Every structure is written in structure tokens, then in C-alpha cells.
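The chain below stands alone and is given in C-alpha cells; this is the form predicted on its own.
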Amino acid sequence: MDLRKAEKRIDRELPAGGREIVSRLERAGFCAFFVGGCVRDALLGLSPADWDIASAARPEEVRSLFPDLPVLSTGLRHGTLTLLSDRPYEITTFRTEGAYSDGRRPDRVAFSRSPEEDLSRRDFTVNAIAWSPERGIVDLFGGFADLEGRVLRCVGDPEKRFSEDHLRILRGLRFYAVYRLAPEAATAAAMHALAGGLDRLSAERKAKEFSLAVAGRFAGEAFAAFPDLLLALFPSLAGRLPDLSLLSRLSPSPEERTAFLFFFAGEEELFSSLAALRFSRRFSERARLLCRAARTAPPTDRVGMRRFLAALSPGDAEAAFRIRLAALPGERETDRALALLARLRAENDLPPRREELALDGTALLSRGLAREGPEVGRALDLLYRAVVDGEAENRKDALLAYFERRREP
């Protein structure tokens, strides 16, 4: 794609509010560009989620230019304000940065009037492309060519860039997994060499980047190329990794793919590893459920399948079988289980969920069939198992009759 077509692609995606903000900055004499992910994604034919702006205007100058728009001081220390127009727009003053003594954030920033200085501090060439309707594309580091070649390359020396902010290593893995931007040799070497620096990042940051990367369309290719980054996040997987290239055979669900990664390590290792990185309880519980189900021998008959489905949804059962097939390719029992699940679905013969049982404890108590407390729970468990096994229909009268027969001496 030539630059003219590329600019038209970005221009088509640009929201009206962003266009007006950049235009007003330019009319006031301040150079302004859209930068980073929005330009990268638009050039890749994607619809950007955010439209970030870099400008020569200082925060106080931005405030004075937009008295008609609400302003949030989202990152004032680093020169960032957020204007609320037809969507939020982050506007950051061109800047240079000092040393990164903590391996995450610059010790100081200095505002600049130069877009060249601002672009030179960015992580990857594909994120250092700027564009505005008035000035067109500014590409000082060959980012456009790297996008076309699906190459990930650092701006400047890779080891310096990753040493400044170790999160960039995981961002590099994510860009590979999501966009198939494969790190070139020097960038890849630096990612491998500095993987130990991921310990300096917060658990939440690591969890977020991992979740985005593992759900990527090209996650299998990316993780297979960088297993050391995965082990830096989850040391307990050492010696127990599945074939990482098969990740992309699974659904994009990060929980499903995480369960696959821990198939050989087991659900307890999975749960403790996710807890260490402070994943949400919801994420951890579903990944654990899928890991446990995938490691369970697949059911071979209709009753066994219905019992299997009593513990998890049909969708989760299918995910568990996908995980098992990826971990144990060619296992015929799992292929047969998938076919059996499809048959039960087609015949509308799936068991009801536990909460869909047609009879509750009140009905048992009112008829004197059970006493309050654990006895009611045991009775309902028995009835639900009877429905799952096909011994009783899920109707109130049928369940009462079944229970009374079971109570007869």
C-alpha cells in the first residue's frame, strides 16, 4: 500500500471529534498528530479503539483552548489531559524522558515542542508513526514498512528500550500474538535476554498483557517462539508445557487457553499461579474448571455425558474436549465424546441445570417427605441425579412420585 492510500484509510476511520480537536490545536499554532496504536491499527485495516493525540501544546494551553469541553487530568505529571468530546481523547504534550531507574517509568519528563523528539522515545517503530489531516504521515523510523512486512522492531537499541520499561517485552509478545508482527532478530534477542526483568513489573500489569496476548489470533506462533517469557510469568510450567503452537486451535477465550497451558501441570498449579498474578476470581475459577474437566477421562456413553454436563455447561464441556484434544492429539475417546455431545444437543437431550429442577425443598417439606436442613439438600441431590441419569422426568409430579417410591420400605 502506498502512503496516499494509507492516509485515506486513516482518514476514513477518524471520528469527527478528534478531527476538530487536532484542527483547533493547529489553528492555534500548535503542531498536533494522532499517534501510536490508533495510527497502527488504522493502517492495518482495523478500527482503533482509542485516538490518542500528541501535541506541542502544554497542558495549561490545551485547557485554555477547549473551555467548551470537559477535561480530566488523567496524567498531568506526564503532560496528559483527556478531553471528552464524542469520545475521550488523551492529549499528551511532546516530551523527552530521563532515566528509568525502576525499569517501568521515567524518573522525569521534559516537555518539548518537537514531534521528532517525542517519536524517538517510543517503543516500536510501528507505534512511532504519526498522522494528522493537515500534515499527513510522519514516519521517521520505518514503521510503515515494518507494518507491511509484519515486522516488530524497536526504535533505537532494543536492550535499552526494554531495560527502560520491561513491560515492553510483554507488549512485544502481544503484538506478535495479536497482529503477527514477528520481532526481528535484535528485538527478539533482547526480549529473550531481558525476560528476567519481568519480575520488576506489577502482578496486575503482567496478568493484563498475558490475557491479551494469549487470546491473540497468532498466540500459538508467538508463544512457541517465546516460551521463556511464559515461564517467566508462570515458573511452575517448567518441564510441563504442552505444544504451544497448538494454542491457536482453541477458541480465543483466554481462560480456555490458560487451562490448556496448565493441562500437564494441573488445576492446583493453575489456581496458585493465577492467584500469584492476581487474576480475577472469575477468570481463575473458570480456567480451573476447564482444566479439571479437560484432565478428566471423557464420558463414553449417554448417561456418562449427561453426568459430565451436570457439572458444567455444554459450551464449557466442548471447550474441555478441545483442550484435551490439543494436549493429547488423536485421542479417539475425546473425538467420540465430542460427537456424543453434538448428538445430545441435536436431540435436545441435555440435562437441566441444577437450579432448573422442577421441584424445590418447600414441596418436600409441605408433604412431610423431608425435614429441614441437610436432609432437604440430600433429597434434592438425589432427585437431580435421577433426572440426569434419565430415571425420572423433570416434572414436579414425576419427581414427587419417584421420591415416594424411593422412600417405600
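The numbering used is simple: start at 1 and walk along the sequence shown. Computed from a predicted model, the values in this text were never measured in an experiment.
The form predicted together with a small molecule is left out here; the points below concern that form.
Though the partner is left out of this view, Asn127 does reach within 4.5 Å of the small molecule in the predicted bound form, counting heavy atoms only. Among residues of the shown chain, Glu61 is not one whose heavy atoms approach the small molecule to within 4.5 Å in the predicted bound form.
When the small molecule is considered in the predicted bound form, Arg121 lines it closely, a heavy atom lying within 4.5 Å. The closest heavy atom approach of Glu26 to the small molecule in the predicted bound form falls outside 4.5 Å. Remark: none of the three candidate residues (Arg19, Pro133 and Asp139) comes within 4.5 Å of the small molecule in the predicted bound form, counting heavy atoms only.
You can rule out all but one of 170 to 178, 285 to 293, 81 to 89, 252 to 260: in the predicted bound form, only 170 to 178 has residues with a heavy atom within 4.5 Å of the small molecule. Contact with the small molecule in the predicted bound form, defined as a heavy atom within 4.5 Å, holds for exactly one of Glu318, Asp165, Glu267, Glu221, namely Asp165.
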